[in-house]
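Have a look below at one chain only, the form predicted alone, in structure tokens format.
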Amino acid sequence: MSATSLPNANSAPAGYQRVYVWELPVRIFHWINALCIVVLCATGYIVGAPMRMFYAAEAYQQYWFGTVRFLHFLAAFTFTFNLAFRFYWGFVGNEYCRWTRFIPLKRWQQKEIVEVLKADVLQTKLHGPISTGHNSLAATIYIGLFAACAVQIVTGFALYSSMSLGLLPRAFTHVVALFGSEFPIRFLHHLMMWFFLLFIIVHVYLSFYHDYIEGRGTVSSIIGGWKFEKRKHD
């Protein structure tokens, strides 16, 4: 085979074109967010149900719990500012990450939700084109996810406000008064942790499932940014 006949490593398969979907800031947000959620769930579970790791009486041998709390608070602040950046990028980023793509107001978006539901739940074959970025069902679910993130931030900093002098936690002291006590806030915060754990399982499964049924690089796109879509013929 001659050198001129070798395939270009950057070229798309025949009949498909490469589309740059996820910009670098979006990909960085995704992986920071994923890491924060894992750390928050793991440390949050321990904080909610502390356990004795050692039997020695010396305080320094029991300080592992202080480290767990520190990691939880560090991840919480990172999670909050990372989410604030994503909110901003939803206004200035490319067409695939804009907030206008998340709200299914258009008829084709509503039809796509039904189509993807059939494929995901009933395992039917996809008919017709599916959005190159987030499909309309995923985009709608992400609106709920962002709302859940906001709930965790508010309840988390409300619980932290009684033991912190920081400006950000202290801004949420009124939340405790609004609920009457810390107990319902703690319960809601803990309940949302299980929501995030369930979301992780479903999200990972559907990402690989759509990678398989669509064949457009769904999983690899969150690493490199590129997806594939069928060429539009004249």
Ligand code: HEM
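Given the structure is predicted, the values throughout are model-derived calculations rather than measurements. Heads up: residue numbers just count along the shown sequence, starting at 1.
Keep in mind that the form predicted in complex with ligand HEM is not shown, yet the notes after this line are about it.
Only one segment in the set 125-133, 84-92, 110-118, 150-158 has any non-hydrogen atom within 4.5 angstroms of ligand HEM in the model of the complex, and it is 150-158. Put simply, residue 170 is far from ligand HEM in the model of the complex: not one heavy atom of it is within 4.5 Å. Mapping the unseen interface onto this chain, residue 164 falls outside it, with no heavy atom inside 4.5 Å of ligand HEM in the model of the complex.
At a distance threshold of 4.5 angstroms between non-hydrogen atoms, residue 76 is in contact with ligand HEM in the model of the complex.
At the 4.5 Å threshold, heavy atoms of residue 184 stay clear of ligand HEM in the model of the complex, well away from it.
Every residue of the trio 37, 80 and 190 has some heavy atom no more than 4.5 Å from ligand HEM in the model of the complex.
The contact with ligand HEM in the model of the complex, taken as any heavy atom within 4.5 Å, belongs to 47 out of 47, 175, 206, 28.
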